[in-house]
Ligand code: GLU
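In structure tokens, one chain follows: the form predicted on its own.
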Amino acid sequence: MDRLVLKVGSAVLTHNNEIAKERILNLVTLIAKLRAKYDVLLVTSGAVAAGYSALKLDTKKQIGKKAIASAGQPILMASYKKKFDIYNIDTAQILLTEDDFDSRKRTKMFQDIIDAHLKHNILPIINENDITSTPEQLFGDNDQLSANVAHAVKADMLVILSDIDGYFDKNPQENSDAKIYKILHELPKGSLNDEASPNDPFATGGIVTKLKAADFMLKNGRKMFLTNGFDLTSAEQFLLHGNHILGTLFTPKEEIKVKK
């Protein structure tokens, strides 16, 4: 069975500083369908946004953000549990930092844990452990985390569900003639040089961090699909039926073999 990593961002999961329950239900429903075809892992943002509803501290300050994240993580996981319980799907929480990918022993440990979860039909839900870690230990955004997870667990594809339909040749919010890239084998020159520009105040990425994730996946011979997380039609059609309606598929050239 192919292995799939889904990453969902704060903009999709929250609305007006609260958990977007209907969107989470839609995501969970999609995952329930995908599990018939794939081994699925979920990389989720949203702890800070969820925590802000309970603890309104300054997210620009390190301690404030950590305190909010620690309050928000159980809120986020409880929201997931309620929805996954509808489909009798058991879940497990895994918190990682960049250090977990730098140590062979630590990487092997979480790889084995994830393999055990999937073997016993448990859905791993992964987030960055920004509560007890230093800035030097963090990726800083879950786009980078999800790409590293996908590579570490030998996933066949990373799917990033975002607040955009895909990757365009120019900013679609500013240019009505912007055209979406449906398939890319490499990134356009200079596309990684822009600054991160998240559309959501609780997000830490933007299109550039997604392109960095795509670049990492391509260089490691793996695929990434970037599509809309508000309307999951395109994701469902592509992943379950092979219909590429909307979204950008980053796929390595044929001569690059996936490293299993």
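Residue numbers here begin at 1 and follow the sequence given. These numbers were taken from a predicted model, which means no experiment stands behind them.
Not on display, but discussed next: the form predicted in complex with this ligand.
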In the predicted bound form, does every one of 147, 156 and 251 come within 4.5 Å of this ligand, counting any heavy atom? no
According to a 4.5 angstroms non-hydrogen atom cut-off, is residue 79 in contact with this ligand in the predicted bound form? no
Taking heavy atoms only, is residue 14 within 4.5 angstroms of this ligand in the predicted bound form? no
Using heavy atoms and a 4.5 Å limit, would one call residue 214 a contact residue for this ligand in the predicted bound form? no
Closest heavy atom of residue 142 to this ligand in the predicted bound form, within 4.5 Å or not? yes
If contact means a heavy atom within 4.5 Å, which one of 22 to 30, 42 to 50, 216 to 224, 230 to 238 is the stretch that engages this ligand in the predicted bound form? 42 to 50
Taking heavy atoms and a 4.5 Å limit, what residues of 1 to 20 are near this ligand in the predicted bound form? 10
